[in-house]
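The chain below stands alone and is given in structure tokens; this is the form predicted on its own.
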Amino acid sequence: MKKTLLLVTLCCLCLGFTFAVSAGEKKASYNIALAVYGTKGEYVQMWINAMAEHPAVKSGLAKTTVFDGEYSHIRQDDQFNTIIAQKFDAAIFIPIDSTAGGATVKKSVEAGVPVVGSNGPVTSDLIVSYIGSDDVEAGYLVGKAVIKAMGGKGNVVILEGPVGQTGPMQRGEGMLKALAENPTVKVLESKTANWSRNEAMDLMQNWLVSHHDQINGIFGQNDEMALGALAAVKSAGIQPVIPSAGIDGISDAVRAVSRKEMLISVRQDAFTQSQGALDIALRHLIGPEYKPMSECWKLYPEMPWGDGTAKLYSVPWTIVSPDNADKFLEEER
């Protein structure tokens, strides 16, 4: 009996020791997968570049690997098989398909790879947290700016983002809100150009032929598409250029706003959405003793770090107008 009790006690002590070592285990470096929907657009390039400048990356605490989803959910989902197989410590996910991405998140979390959402929301309650901006508000700001420039009447076309992404749907919702407030403005065309400048240029060229002299405003659900539409308008020799606006605040759009070719760009902060996501991931992996290393948390008092475990961090938008565009261009230099 005494031998049995001794054996049980020793087993319990061993189990307790093992648990304590495991729970307190910290790594010198964490491998983080950056699963982005595609790398062709300037916004995602800005997001990736900002990540490379994060203090945790520069110090070696975090090692990041970019997975280019090539604008395909199938491709992104397959890449998560690689992320799981290679035992990444965590993934930061910008999905091409918000709804289908939920199954991808579930698979990753069940395999032990936690997921932080950034920039584009995913339909899942299993993510650690999401850091991004309110797309409904951005769409509304674009709609209001273009409609105001049109004098509150006329016809518009809408260049949509990829079908299935929550971001385009929410930006579209904001645009429809602005249209509902102005019933004398009609939508002639609304179609996806998949965030692509070239696709948007082709679409706009077709629309200019189909609706000769009837298009009075252009709603771009991102800057790349707004710029593509603008290129088509300029190529057609239309003067003055049709009022247009976009979302993201990429450098070409800011320059177009500065030249007064575009009305506004609604700038989302790639630096904060990127670096903030890594801080959130590291807080999840390391625990409450981790303190945010990025300066991004000092930029927006209305978005406090707290203890780093909030389910949503909403990054404010900034309107880029002809009045402040040069300031942003100067910051880029």
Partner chain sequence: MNGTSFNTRQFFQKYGIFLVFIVLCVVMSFLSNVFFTSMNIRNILMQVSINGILSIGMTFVIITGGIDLSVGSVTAMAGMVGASFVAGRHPGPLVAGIGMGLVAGILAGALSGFIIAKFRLPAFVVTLGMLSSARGYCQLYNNGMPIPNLSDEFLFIGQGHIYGIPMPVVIYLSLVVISWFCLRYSRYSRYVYAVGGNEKSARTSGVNTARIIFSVYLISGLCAGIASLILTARTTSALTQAGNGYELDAIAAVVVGGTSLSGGVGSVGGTFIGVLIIGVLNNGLDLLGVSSYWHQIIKGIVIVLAVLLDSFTSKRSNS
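This structure is a prediction, so every number in the text was calculated from the model and none was measured. Numbering follows the first chain given and starts at 1. Rigid core: the largest C-alpha set superposing within 1.5 Å between the two forms.
Another form exists, predicted in complex with the partner chain; not displayed. Remarks below refer to it.
Only one of the listed residues (N155, S72, N198, N81) places a non-hydrogen atom within 4.5 angstroms of the partner chain in the predicted complex, and that residue is N198. Note on contacts: among Q205, N182, T123, Q214, the single residue with a heavy atom within 4.5 Å of the partner chain in the predicted complex is Q205.
Within 4.5 Å of any heavy atom of the partner chain in the predicted complex lies no heavy atom of D135. Among heavy atoms of K291, none comes within 4.5 Å of the partner chain in the predicted complex. In the predicted complex, the partner chain stays beyond 4.5 Å of every heavy atom belonging to D97. Contact annotation for D269: none of its heavy atoms lies within 4.5 Å of the partner chain in the predicted complex.
Note that among 279-287, 29-37, 303-311, 46-54, the stretch whose heavy atoms approach the partner chain to within 4.5 Å in the predicted complex is 46-54.
The partner is not shown here, but in the predicted complex the stretch 147-165 reaches within 4.5 angstroms of the partner chain through a heavy atom at V163 alone. With the core held fixed, the Cα of Q79 is displaced between the shown form and the other one by less than 2 Å. Once both forms are fitted on their rigid core, the CA atom of D213 lies 2 Å or more apart between the shown form and the other one.
Relative to the superposed core, A236 undergoes a Cα shift of 2 Å or more between the shown form and the other one.
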